[in-house]
Ligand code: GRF
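This document starts with one chain, in the form predicted alone, laid out as structure tokens.
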Amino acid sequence: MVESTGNTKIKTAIFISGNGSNMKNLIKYSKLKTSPIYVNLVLSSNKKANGIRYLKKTKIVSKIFNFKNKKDEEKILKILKKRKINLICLAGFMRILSKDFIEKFNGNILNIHPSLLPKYKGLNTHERVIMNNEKFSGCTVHLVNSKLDSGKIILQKKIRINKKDNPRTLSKKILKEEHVLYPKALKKFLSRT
């Protein structure tokens, strides 16, 4: 387990596939004195990800890989090792990492998921939540293991669903909560002894 001690910030990579709003939020968080992380690298599985455009305004190195084969994962592991990355934060990352990759990273990969896990793993969570007339939903930060959205839960935030909510409005509400939850979960995860 990686621990943040004293003034040393944990070198962190963020993996994205889309808009990168959680990535932007984590980068902003990493610049605070009290933050335990330092974002050193962003990897995207999508060359058209809006998050990549945002990075051009920063000094953070970004790389694009399609994450579809073992060779890509081997190259990525070399880059992570070279940049001395100790922690990976998945933020809207729409690929499944191999068991081998996850094991090599030794329990130091976190993900944020837009539901109250273990409910609604996988995709289209908001649609399924609304369809099932759930009263509550939320978001979860969890450790990544080889089973989809099944790793140990670090923190969750529960929100009430209004009768007028649809998948889009619910998604917006939950995304706001994700931006608050991810930094809190990182702090909790990295301060454990």
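Keep in mind it's a predicted model, so treat the numbers as computed, not measured. When you see a residue number, it is the position in the sequence shown, counting from 1.
Unshown form predicted together with the ligand; subsequent notes refer to it.
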- Task: Determine whether any heavy atom of Ile112 comes within 4.5 Å of a heavy atom of the ligand in the predicted complex, and answer yes or no.
- Result: yes
- Any chance Glu177 has a heavy atom within 4.5 Å of the ligand in the predicted complex? no
- Query: Even though the ligand is not shown here, does Thr169 get within 4.5 Å of it in the predicted complex, heavy atoms only?
  - Reply: no
- So in the predicted complex, does any heavy atom of Thr12 sit within 4.5 Å of the ligand? no
